[in-house]
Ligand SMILES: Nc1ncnc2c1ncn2[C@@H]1O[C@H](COP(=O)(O)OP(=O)(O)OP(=O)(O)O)[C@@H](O)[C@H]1O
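Only one chain is shown below, in structure tokens, and it's the form predicted alone.
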């Protein structure tokens, strides 16, 4: 499993923990034998010097045992925390490489659960495994050997009790194992409902559907509760039964031990030592059974983590470097289909764009406009055709080099819970305050930000601003980067006509040496573009200037006529 490979980095520390745990186990096994010697030799014969001598040895053994236990606990915790940190980092890195489709394949809520709850479950198992899981077998084998060497006849208790404890462990594994994958999936569902509730809170309350959402969550929560209750009942019922076996074994040992003492076949100290050894042996088994109950759930978590780590990423990274700037952009017979889609989203799309030119893209909902921009950004890999930059297929170019030359305003804008300045710096960390103010000015965003625009705080997603204000801030963030290709995905839809015109006029100065692609719903937004691409159901039904398309493209002319006031509007 991929998940175990990270542990190889901690071999020396793991070896040290095992060594210290071994020392701790030896100390605990040695102490009962020393105590029996004190009782049978020192106390029975009244030998004070022997008692003091053995007592001093016992103190030294206790100190060494405590030091070994404390050191083992320290290093095991250190290894576990480092391992879980590496595991979370590996998961995050892998998720960061997934395409949008691959992310949706797992589900955002599920990926969050795998990175948090599943990793925590594995973390706890590793923490328990480095000490108790190592200490348990050592104490079991060591205690068994010491008990056999102390009194062979009393050791008959082991073949009587151990099989029952083994049956209890087997019952837990067999009964609980099928429930843990279901438990994690239902936890995914709870996270998904939480996420949906928080993101859709305005819609929920606008339509007074709070009761519906609560009913859905209550049912999901009940489903999780029922599975968790079944698992915990299995575990809770087994532990007391194992405790009964332990106590019955102790009563058996004390009864027959007393009879052996009466027959002078066993010393009192030996009986005391044997009781401690049988307690150590059976407690080691009970501890192992408790740890084994963790294995099914941990295994389910490990499988879920490994599904992500081993998932084959559809590589869209090229090998060739690209220094830029971009001079020419072309699409040749570009085709793209989503997985399991019945028909392509884009089919045989062709266009070309050169430095200093603007390409407008217009079409109905679902015509493939946003998908085209995502292909340019290498979010997806074309299923047919090519996208060429300066004559080179972008699939052959390094993605980081490509995106360094681009600046993008998505259709759905996202902002972090930081200041306006921090959000703008996301596109260019080297920009000065003056550069940021200029970008805000070009995007017509200064007018609503107040006296200290850069220090204005933004809520998550920018929800403390209106839709039009968020679009202008997103445009400002894009303009803060000096790029050779600017992509605007329906970035002017929430602006009024006057602001739309002002923002586009501001773009001219910033982008006159670059290529610009604007996806728009309004003809007014793209009518002055050098070329306009008209899409319908993923196919090109018009390509040319505004005037050419009015004459030659029925689809474009229909869109323009439906926005008659815009067509006649002189800008």
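Positions refer to the first chain, counted from 1. This structure is a prediction, so every number in the text was calculated from the model and none was measured.
Heads up, the form predicted in complex with the ligand isn't pictured, but that's what we're talking about next.
Asker: Counting any heavy atom within 4.5 Å as contact, can you tell me which stretch out of 326-334, 369-377, 176-184, 127-135 lines the ligand in the predicted bound form?
Answerer: It is the stretch 369-377.
Asker: Using a 4.5 Å cut on heavy atoms, which of 338, 225, 170, 92 is close to the ligand in the predicted bound form?
Answerer: Only one option qualifies, and that one is 338.
Asker: Could you work out which of 432, 452, 321, 365 is the residue within 4.5 angstroms of the ligand in the predicted bound form, going by heavy atoms?
Answerer: Only one option qualifies, and that one is 365.
Asker: With the partner left out of view, is residue 104 within 4.5 angstroms of the ligand in the predicted bound form by any non-hydrogen atom?
Answerer: Answer yes; at least one heavy atom of residue 104 falls within 4.5 Å of the ligand in the predicted bound form.
Asker: Answer for residue 511 alone: is it within 4.5 Å of the ligand in the predicted bound form, judged on heavy atom distances?
Answerer: No, residue 511 is distant from the partner.
Asker: Would residue 232 sit within 4.5 Å of the ligand in the predicted bound form, counting heavy atoms only?
Answerer: Residue 232 lies outside the contact set for the ligand.
Asker: Applying a 4.5 Å heavy atom distance criterion, does residue 345 contact the ligand in the predicted bound form?
Answerer: Taking the distances in the predicted bound form, the answer for residue 345 is yes, it comes within 4.5 Å of the ligand.
Asker: If you look in the predicted bound form, which residues in 515-542 sit within 4.5 Å of the ligand (heavy atoms)?
Answerer: Residue within 4.5 Å: 521 only.
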